[in-house]
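Below you will find one chain, with nothing else, as structure tokens; this is the form predicted on its own, and questions on how it binds or moves follow later.
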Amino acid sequence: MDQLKKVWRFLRSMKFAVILLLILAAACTAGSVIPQGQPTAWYTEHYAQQAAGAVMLLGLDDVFHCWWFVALTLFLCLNLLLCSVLRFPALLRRMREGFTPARAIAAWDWAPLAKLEGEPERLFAKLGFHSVRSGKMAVHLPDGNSGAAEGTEADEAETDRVEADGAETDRVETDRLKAAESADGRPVRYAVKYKAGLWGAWLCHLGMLVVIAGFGLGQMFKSEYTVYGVPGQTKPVGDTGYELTIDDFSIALRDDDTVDQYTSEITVTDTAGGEQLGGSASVNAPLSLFGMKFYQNSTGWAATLETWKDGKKLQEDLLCAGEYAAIADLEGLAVVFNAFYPDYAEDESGQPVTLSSALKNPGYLYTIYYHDQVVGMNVLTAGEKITVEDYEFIFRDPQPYTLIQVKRDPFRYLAAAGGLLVLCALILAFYLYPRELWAVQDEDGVWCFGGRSAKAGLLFAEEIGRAWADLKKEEQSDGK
């Protein structure tokens, strides 16, 4: 039973979460460095034998979908869920009952951070505390307003620890924290601000859980499609029931003739309802339509292939590099448009190259197949034609095509909401953490101030000191 409790405590511990995060970070790094989704032969060709074996054995060729990465992610989700669920009751009780003058003053070491005559609310207002509680408490001021604290910091830390473990508040309250309010006690002022900051760490855990859930579900249910073509073409977007029309495609060049930006003007049509939406998609600026994102991914070259026989044009096909045209008049005959060279030339070994991206001397690399057998392969330049038996083939009108990548992730909003929640949680945890300020009137009628902060206690004490000094300067100025 004790072993089971130890395992339970470890599963919801911060130590376990840190270990998981380190392993997952290393896995993500490996997934970024090692090319993903390649065939086994590719890894054996590019890596040493042992390294390639390790990649395949550990599933590093597809890190984000391998079983151990999924298992570690699930354990991290379990850890975050346990932390969130088990800490919630204790945090809620602390929110309701943990900020009281009795608790604050009983843990005070009676070393005043400021002393003020007159209305103490002035210092509260100076420090941004607006809801000030007033009353009287039966407290004991040691001689000279200094002395041993009635409770130590260790006691308070133990109290917080027990509360964090979910124990009942009344079990950790001691006589030190029960300074009774009474009508004949000393005047006391107390205020607290940014109580909501208590939830910072808890909300951060919850936000991380939402991010992981959104990302994981998105990876499971997302769909991706590729659409490419030239202006004027309309093509289906996979099996989505939508069609994409390429209205225009432009390439912006810099002064040195290098590419600055690719931009596609597209229109997407819902074939079922007829609704149309359009816009521009460029590199690093995707377009969102119908719950899908359209990314300007890449570009290439397309050309028109004319097929002639006996002086008559049989057919005309617009081919992008890598596509082929099957000749309808003769079964088994096909022409593949392999590559395009805008400024065609040959290197020293006779291999085709392009001297620039300008259309100066277009060259078309083709392959002709007949019943899956290569019957011809060469490069055609402008005006040249291919002749096979009674057939002639001519390439013309080269133009760039655009490739649009389409992604649909129904859970992207969940991941975005989790990221926003984490951001808000960090602001709460590091900037809007709880601060308490109190004042007790001594026998001479002077108000002695104390304060504490969930984080950066020394900085808060300095802030109180500066506000006190400013008030004294204002009093001296008014006195003059």
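Quick note: we count residues from 1 along the sequence shown, nothing fancier. Not measured: the values here are computed from a predicted model.
One more form of this protein should be noted, the form predicted in complex with protoporphyrin IX containing FE (HEM), which is absent from this view; the next part is about it.
Contact annotation: protoporphyrin IX containing FE (HEM) lies within 4.5 Å of heavy atoms from the stretch 425-433 in the predicted bound form, the single such stretch among 425-433, 445-453, 65-73, 31-39. Taking the partner from the other structure, protoporphyrin IX containing FE (HEM) in the predicted bound form has a heavy atom within 4.5 Å of a heavy atom of Arg87.
When contacts are judged by a 4.5 Å heavy atom cut-off, Ile246 does not count as touching protoporphyrin IX containing FE (HEM) in the predicted bound form. Though the partner is left out of this view, Ala17 does reach within 4.5 Å of protoporphyrin IX containing FE (HEM) in the predicted bound form, counting heavy atoms only. Remark: Ala104 does not count among the residues lining protoporphyrin IX containing FE (HEM) in the predicted bound form, judged by a heavy atom distance of 4.5 Å or less. Only one of the listed residues (Cys83, Ala281, Val406, Ala114) places a non-hydrogen atom within 4.5 angstroms of protoporphyrin IX containing FE (HEM) in the predicted bound form, and that residue is Cys83. Distance criterion of 4.5 Å from any heavy atom to protoporphyrin IX containing FE (HEM) in the predicted bound form singles out Met208 from the list Met208, Ala191, Ala303, Val268. Contacts with protoporphyrin IX containing FE (HEM) in the predicted bound form, taken as any heavy atom within 4.5 Å, map within 7-29 to Arg12, Ser13, Met14, Ala17, Leu21.
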